[in-house]
Structures are given as C-alpha cells and as structure tokens.
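Okay, here we've got a single chain as structure tokens, the form predicted alone, with questions on binding and movement later.
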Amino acid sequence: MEWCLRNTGEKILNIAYDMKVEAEAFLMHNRELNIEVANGKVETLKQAEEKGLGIRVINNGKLGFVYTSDLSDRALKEAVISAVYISKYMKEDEHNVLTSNNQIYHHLSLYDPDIEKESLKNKIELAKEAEKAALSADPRINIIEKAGYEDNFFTSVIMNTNGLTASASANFCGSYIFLVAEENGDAQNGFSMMLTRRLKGLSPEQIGKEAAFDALRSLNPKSITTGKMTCIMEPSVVTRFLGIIASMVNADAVQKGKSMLEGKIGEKVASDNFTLIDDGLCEKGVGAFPFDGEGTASSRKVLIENGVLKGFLYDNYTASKEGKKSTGNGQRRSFRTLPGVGTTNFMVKPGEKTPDELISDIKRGFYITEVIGMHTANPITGEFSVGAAGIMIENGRLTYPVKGAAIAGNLADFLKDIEGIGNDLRFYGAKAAPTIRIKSLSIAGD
C-alpha cells in the first residue's frame, strides 16, 4: 500500500511541475475496527477502510487545497487543476510554505503485527472480557451500557515539490467500557479505557475492574460545603486540563492574541515542580509518528520546564511568521483537512511521590475524580468554572463520595499552585499525566 500511495504522489507532483506551481501531496490509507458487546453478545461490529489524498498548491504565494478519494489518473489531474484554480482567488501570503527536504526521521516501533494477525473471534472475546471482569467485580454492577474493543491501522505518505518524501505506518488497539452501579436506589456511572501500541499490553480485565471501582466508589454521594481547600486530581482529570493548556501553547492562538501565555517566554508561569512536554517520539503514546502532517520530522519539545515557559508549538505557517522552524506540530485529522498546529503526545513530567503520599498529610481536602464542562474554560483569560465529583479527604484518608460540586479558578494560579506531582504517569490516548496536588481551589457546594 505504501508503494501505491507513493506512486500516486509522484503523479501529483509531475502534474504540478508541468503547471509550474509548488505542491504537496498528503496521502493516507486508514483501516479501523470497532466491536461493542452487551450481555455477552455482539451489538455492533464495524469495519471501515478509506484511502484518499489532500493536495495543497502554492501559486505565487496563494494557497489552493483540494481533497479526493478517487485516485484515478483523470481524477488526480482534475484535482490539481482545481487546486490551482482555487488558489487564483486566494490572498497572497508569503508564509504559505512547504516543508524542506532536509528532514531526518527517527525510526520508531509503531507497528505491532500481532494486532493485524489476531482473529476477529479473539478480538470479540477481548471486548467480552472487559464486561465479564466488571460484572464479576461486585454484584452492585448490574448494567453494562457498552463494552468494546477497537483497533486502527494507517499509512501516511507526504511528498512535495521541494523533493521531500516521507512515509510510515502505525497501528494501535484499545478497550473501553461504560457501566452503572446501583445501591439503595442510587445509581452511578463508571468508565475506563486503554489505548496501547501492543496487543499484549492490552488488559480488558483491568479496564473492567477500573470502571467498576470508579462507579462503586461514587455510590451514595454527599454534598460538600463551599470554601477553599487543597485538591488532588486523578490523571484522567489532569488530562482534561491539558486540553485547555494545549490551546495556550499553540503558536496560532498566541499570534492571534488568544492565549494567556502570549509574551511570557522565559517567565515563571507554573510551580517549580511542573514540567510540560510535547513528545512526538514517545512510543507509549498514540500521538507518536516520525513526522507531522506536513512532513516535518517529529521531536521532543519541553514547553514549560520547572515552571518556566520555554516556547510554543509551531507548524510551517506559524513558524514562518516568526522566522522560526516548525516544531513538527502541523497536525491533520485526515486527508480532508489542511494542517494546523496541534499536539503529539502531550504530557506532564511525573514526580517521585505516590498518590497516597500526596494525600497523607491533608487534614481536609477534595480528591477530584471527574470534571464536567472543561470546554467552557477560557484559554485567553485562564478563567474556569466546571462541575466536579470526587471523594472527601479527611486526616489523610479518602472518606465519602461527593457529587454536585463545582471548582473554579484561574489557570495562571492553578499552574503556580501545583505543590505535588505523583509518579503514576498514565496515558489516555495522546495525553498523559500523573496525579497532581493543588494547594488551593475554590469549591462550590451547599
């Protein structure tokens, strides 16, 4: 398949050479499988495969873009002609540039043949295993909304008229479950998921037990009094905050004045123990790949080091505007979209303390297990106010579950108030975080 995509890319570039325009061919082949089970039976089995091409042309600084899933010779020629035609009506912009061909790509182990070789029957059993593990964990787990297995394989090829050719393949697999626990008329949801590069590293049993634990610890919740208190955040909750922080270190947002970190490179923006990294070379995360959506080599970027802001994430366009080089963060969701600044594996560097050690000296605090409404946080001002659920901490111990609370603050203060970081780094897709301890957060309750 990789050879076939390269052959198609060469045809695109030859047409572009004849039309005397700069061009880039972004080709992708994607194959995915999703299995969902309920009550030990398959509810959904979806297999999908697609192949397509996105064409960018730069015609005297003017950008034209077309995509197609028809890779016939006639369609390819029509697509390039259409892209050139569109470019004539666009505004000239000197920052429309393509990746140079002097890239050095790291060899990454991103393909597990076991995922491809595993039979469909066994993959169905993996989905069922998560359900069985959850139901056997406790009799109060009596509703499995859905449990599933998924895997994805893709090949990406990028070629341009600067002489660049980049190609690679990768795959990953995962398991997930949504369930409900009931007791004394109270019902609480539980969820867990895992994505991994290696089939042997996938544990549906662990996922099932984690989701059951998540629901059971939330049964019969109480309210919380309003006030400020020390908070502990689980890794999954921290990754929700990382989604907002990612937009703050995005060079496109910074250049448009839409980030509270604008103009603060070299300044202290977080606590001494906080280090934030974007690592496109970390094979543990599904965001790893040898190159980005423009063919720029992936790398490891330290964005905040010991609390000091070191830099931002760039694609070719935003880098050109500042006379810099792309950081390899020109991301694409598919061949149907233009590249834009995005994260690869976005993570908080773990600390040395266990979660129990972070909790042990807290007389009264809030252990946050869930946040709701993170999309409402403002990356420009840093203000956030979101729903929260969790468990009260009293005298260094987790006591009773809490629902219906809200936490509020400013991300500038939030980052500077991180006073402890756990050693329990966990990946949730392409984001990873350990447990963290916040010195003080405003809690709204009864």
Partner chain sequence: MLEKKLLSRVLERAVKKGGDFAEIYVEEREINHVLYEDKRIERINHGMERGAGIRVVKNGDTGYVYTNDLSEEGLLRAADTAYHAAGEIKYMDKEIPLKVKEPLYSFSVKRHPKDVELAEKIGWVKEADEKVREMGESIRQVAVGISDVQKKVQIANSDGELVENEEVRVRAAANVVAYKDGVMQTGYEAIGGTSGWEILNENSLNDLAVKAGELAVKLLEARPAPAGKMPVIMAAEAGGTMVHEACGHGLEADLVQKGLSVYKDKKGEKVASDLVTVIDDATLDKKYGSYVFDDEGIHGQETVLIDKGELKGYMYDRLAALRDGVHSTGNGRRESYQYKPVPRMSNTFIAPGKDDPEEIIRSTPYGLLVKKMGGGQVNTTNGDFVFEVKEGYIIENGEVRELVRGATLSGNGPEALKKIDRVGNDLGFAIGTCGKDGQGVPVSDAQPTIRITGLTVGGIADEGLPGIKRIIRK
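Numbering follows the first chain given and starts at 1. None of these values were measured; they are calculated from a predicted model.
Below, we turn to the form predicted together with the partner chain, even though it does not appear here.
S.K.: Might residue 376 be said to contact the partner chain in the predicted complex, defining contact as any heavy atom within 4.5 Å?
M.R.: The answer is yes: residue 376 has a heavy atom within 4.5 Å of the partner chain.
S.K.: Taking the partner chain as it sits in the predicted complex, is residue 150 in contact with it (heavy atom to heavy atom, 4.5 Å or less)?
M.R.: Judged by the heavy-atom cut-off of 4.5 Å, residue 150 is well away from the partner chain in the predicted complex.
S.K.: Residue 284 versus the partner chain, in the predicted complex: is there a non-hydrogen atom within 4.5 Å?
M.R.: Heavy-atom contact with the partner chain at 4.5 Å: absent for residue 284.
S.K.: Considering only heavy atoms, tell me if residue 394 and the partner chain come within 4.5 Å of each other in the predicted complex.
M.R.: Residue-level check for residue 394: no, no contact with the partner chain.
S.K.: Out of 239, 99, 298, 188, which one falls within 4.5 Å of the partner chain in the predicted complex, going by heavy atoms?
M.R.: Residue within 4.5 Å of the partner: 188.
S.K.: Taking 4.5 Å between heavy atoms as the contact cutoff, choose which of 267, 93, 361, 116 touches the partner chain in the predicted complex.
M.R.: The residue from 267, 93, 361, 116 that makes the contact is 93.
S.K.: Can you work out whether the partner chain is within 4.5 angstroms of a heavy atom in all three of 17, 307 and 310 in the predicted complex?
M.R.: Negative, none of the three is within 4.5 Å.
S.K.: Where does the partner chain sit in the predicted complex: which of 267-275, 361-369, 178-186, 159-167, heavy atoms within 4.5 Å?
M.R.: It is 178-186 that comes within 4.5 Å of the partner.
S.K.: Does any residue in 429-446 get within 4.5 Å of the partner chain in the predicted complex, counting heavy atoms only, and if so which ones?
M.R.: Contacting residues: 442, 444, 445, 446.
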